[in-house]
Structures are given as structure tokens and as C-alpha cells.
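Next comes just one chain, in C-alpha cells: the form predicted on its own.
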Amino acid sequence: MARTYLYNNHIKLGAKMVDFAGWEMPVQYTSILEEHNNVRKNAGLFDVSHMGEIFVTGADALNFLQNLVPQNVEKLIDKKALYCQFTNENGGIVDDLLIYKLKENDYLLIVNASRLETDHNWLLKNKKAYNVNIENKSDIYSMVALQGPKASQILSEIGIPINEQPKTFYITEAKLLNEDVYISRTGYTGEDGFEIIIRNEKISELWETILEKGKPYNIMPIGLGARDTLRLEAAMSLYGNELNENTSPVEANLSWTIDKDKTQNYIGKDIIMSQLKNGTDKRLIAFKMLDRGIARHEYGIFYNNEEIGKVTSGCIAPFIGQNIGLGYIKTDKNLKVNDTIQIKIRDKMYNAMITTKDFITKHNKGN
């Protein structure tokens, strides 16, 4: 099992470690509830070094990326980020990722840890005659995420003044600890926040510095447990749960990310454009439990005693104090917001209500 360069820091903090996508990662330091709410109220620091950093450069870099995603990469200006999906020939999602345009013909891709090897191979497979260089530098860099309403203040305390911090969904190159770093402003919690990418050798010092400078702001280290409840409370999809190679961006309620007027061809375009026009057989919904029960991955979703779908994610949402979930249902039932469905939990039916995906008010305006 792989370990990030922050493994010893986690152990020193008393973290409970678990296997995640082949990485030994902290699931919690204190409690998921305490860590979750601290990110909503103050700030939290996450080790996200397991995620991948792939650089795509060269004269054909733009056209190459345009062929891989339904989004229009051409619209990116320097330092801007774009949320994308690699799609396959059937319109399914190979991975969801962020593409940053560093400068002309120079892009940084941040991909999921569980899909890093698959994504790298996907890029190599589709390189063909494109004049591009594909460099997986995930072994060189580590990354932390600083999230929460006090994240900007803490970042200023460690050397990046507020007026030099990137805007939401932008990236900047800066100096921290006498080291060149990338600082982006996206996030996976629904809160404002930053990601800092730095060489492995400096990540431990950066981690300790942020925690020390963040003490007056009540910062806490945050594990994977709260990371999952935070993203679910913000109704953000997780690869392997809501997203997979048999599910398209249209089915996954990501039509808002697709450029409907993109003229360039891309893998899976015909199917995706047909789904936008004609609809799909399944769709992703959000729901809140009406009865006391917690929906979990793969639990059945029922309507009129018929199974119409499966739960993909579910949890107790600590900040709003409700049991929530996401799942796919058949579209031919024409169910809508406020309709009642049932979740089958241990052979018993529990009522739930379809909601909008806004479980909380998001403070990361880029999503």
C-alpha cells in the first residue's frame, strides 16, 4: 500500500488510517462530525497528495484535450480552471478532472487517485498523431487542500496576501517556504478554499506551517471521512459512486458542464449530444430521508413497490442535521422534486423525498 509524504505527520496526530485507492490515508483524527463542522465554520487541512498531476504540453495540446472532453477547453484563458470529464466511445465517464491552462500549450490536469493509471493510459492511447508531451508528475508533487471560511486568512498568514490569492477557479504560481508552488482555488467541500501543490520534500514543512499559523483560526486536520460527508452535503459526485464508465455526464446531472455549441469533435460526442436532445433512461437525483434511516451505497430505491434505482451515496449530513443521499432512478417514472420515494434498508422501506441538489448554500462560487 502506498503512503503519502505526510504519513508520519498523520501518525503523530493520532489519525486512524485506512486503505483508499491503494493509499494508506487518514480517515479521521478526532471525529467525522467535529471535523466536518469545523470546515463549515472555520477551516480544515486535507492531505490530497494521492491525487494525480499530469502535465500536457506541446503545439497540439489544446486540440488534443478538446478531443477528450465535452467541455470547450479553447475558452480557457491563462491560469483558469475548467471542470471536465474524460468520456469514452459510449459517452461514459472515464474520470472527472480539473484542467488548468497554465499558459499557451501548457496544461495541468488534476485527476482522481483511483483513476490515475487509467487516465494516464487513456491519454497515451489517444495521443496518436498529436504533437503533445504527456508527463505524469504525480510522484514528484504532493498536495494539500485548505478549506473553509477562514482559509483565505490562513493563506495570508503563511505568506500569500489576500490580494495575491487566485480568484475562484483560477491557479497561480507563487513562492512558499522558498519553494515554487501552484496554488489553485477550487475545492470539494462547498466552501471557499485552496489547493497547494509543492514538491514532496517540502510538503511536511508546509503541513506543519499551515496548522501552526492556522491555530488562531481554529484550523483542524481533516480525514477522508469528513471529506466524503462534506462533498455529499455539497451534492458533489464521487468517481466510483455517482460516476463511472457506464454513466454519461448527462445522466450524472452534469449537463451544465457540457458546451452544447462546441464544434470540435470529441470521444462520445454523438451519444452525449443525442442524450441532451432526447433524454436518458436514468438520472441522478438528490433526496432527504423522511423516516429515520440512513441510505447507503447500492441500497434499492423504490416507487409504488417497484425498484426504480439504486443509492450511490448516503450519510448523516452533520451540518444540516439530516440524512441525505444521491442515487440513480429511471426517468420514465417522471418523478420530480418533493415526490416521495422509498429506500430499502435491511428489508424494510423508509420514506424519502426527492430534493434539489442544494443541501447547503455553497460558498465556492466556481462550482
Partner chain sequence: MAENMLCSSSHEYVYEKDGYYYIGLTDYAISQLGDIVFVELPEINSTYTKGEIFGTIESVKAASEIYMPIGGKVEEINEQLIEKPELLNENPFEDMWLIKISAPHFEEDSKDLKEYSVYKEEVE
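Because the structure is a prediction, the values reported are computed rather than measured. Numbering follows the first chain given and starts at 1.
The same protein also has a form predicted in complex with the partner chain, omitted here; what follows describes it.
Only one segment in the set 37-45, 333-341, 54-62, 294-302 has residues whose heavy atoms sit within 4.5 Å of the partner chain in the model of the complex; it is 294-302. When you look in the model of the complex, the only residue of Gln85, Ser184, Gln147, Thr229 with a non-hydrogen atom within 4.5 Å of the partner chain is Thr229.
Using a 4.5 angstroms heavy atom cutoff to the partner chain in the model of the complex, all of Lys16, Val27 and Ile316 count as contacting. In the model of the complex, no heavy atom of Lys12 sits within 4.5 Å of the partner chain. Using a 4.5 angstroms threshold between heavy atoms, Tyr350 counts as touching the partner chain in the model of the complex.
The partner chain is not shown here, and in the model of the complex it never comes within 4.5 Å of any heavy atom of Asn67.
Of the heavy atoms in Ile308, none are within 4.5 Å of the partner chain in the model of the complex.
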